[in-house]
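The form predicted on its own is given below as one chain in structure tokens.
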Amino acid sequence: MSAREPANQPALRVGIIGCGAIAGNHVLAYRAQPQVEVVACLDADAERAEAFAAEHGIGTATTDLENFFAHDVDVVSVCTPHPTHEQLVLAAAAHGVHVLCEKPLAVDVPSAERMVAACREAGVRLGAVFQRRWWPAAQRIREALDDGTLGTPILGRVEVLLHRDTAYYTATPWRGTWATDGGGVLMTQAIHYLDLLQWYLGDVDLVMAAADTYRHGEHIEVEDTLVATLRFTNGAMGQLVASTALTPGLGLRVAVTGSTGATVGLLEYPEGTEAVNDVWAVPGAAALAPPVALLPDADLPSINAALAPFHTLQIAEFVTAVREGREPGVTGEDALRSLRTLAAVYAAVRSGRPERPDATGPDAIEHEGPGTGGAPR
């Protein structure tokens, strides 16, 4: 229920802000929940809002934020470009409305901090979409950590090896710039796996990193390739390798090794496909998935469609959290933690020195225009 009227409405009233491709996943996910109604949608483009409303049977389509909130929504999903998130989340908090926001939470740490603080002060729930946590393969790794199978995690590895063609960047004007995308492969694609890595290994204490733009430099000013080494507060180490310069892409992977010597991991291949536990090197239960055939890259609509069931699982959990008055499975603080680490990685690229997430400060992500070799400045 809303923070304003916790017991007066028989069903949660939901609004969708931003009517692009991913918003369809949200509508379908909410509609799969009992006692939930999607009552309004908002987009800066009136025609797109109206078309989205007609497609999904939503009663109200608007371009006006106050008009949108006047429809007594209890929950909103924010599905807009990254730099707009803060304004919309703060508006939702001011209206006493719970918020589920697409990743990344913001393009800089201070913005995300303001969002988390505003929702906390307003007494509303803030969740961030990291739907890959709901894969059974991802949950199985979390359980192996919780039940002691791995002991203490000592090593984490992430590979995000993807293909993006020129049209991916040129067809959407806000992609590939520091001001509107907030970063390159790390911010837009690898952040999902950074979230998984920190879910498994905890907070990051120190990072070293390098980045460049090898393939897409004519079309973007952000990095298309990045490598980072991470030291965690529990003493574990990690490595993250990410690129959109591959043809074809080779998928996404995370693996964790524990103090028992056991290693477990998952593989998402092709991109958007439900991950499998490709490595389960646990004494007495060892398994290694056979090599997979090289497969064609999926297009973005296919990737979004394949992830839709896991949007549904996360949104179902978020709805339950709102009704029970508890924190959701992925909180605003979780998303802020990933963003702080991401900002430290970019700071390390910029400085050429190790950087700490808690020492990057409000100007952790400073940007220049094209010609910087993909590195944040």
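We number the residues from 1 along the sequence you see. All of these numbers come straight from a predicted model, not from anything done at the bench.
One more form of this protein, predicted in complex with a small molecule, exists but is not displayed; see below.
For the chain shown alone, N304 is a contact residue for the small molecule in the predicted complex, at least one non-hydrogen atom being within 4.5 angstroms. For G182, no non-hydrogen atom is located within 4.5 Å of the small molecule in the predicted complex, even though that partner is not displayed.
The small molecule is not drawn, but in the predicted complex it has no heavy atom within 4.5 Å of A11. Contact check for E327: no non-hydrogen atom falls within 4.5 Å of the small molecule in the predicted complex. The stretch in contact with the small molecule in the predicted complex, judged by heavy atoms within 4.5 Å, is 306-314, chosen from 344-352, 27-35, 306-314, 331-339. Shown without its partner, this chain lists D195, E102, D224, D74 as candidates; in the predicted complex, only E102 has a non-hydrogen atom within 4.5 angstroms of the small molecule. With the partner omitted here, the residue from Q139, Q239, T170, Q87 that has a non-hydrogen atom within 4.5 angstroms of the small molecule in the predicted complex is Q87.
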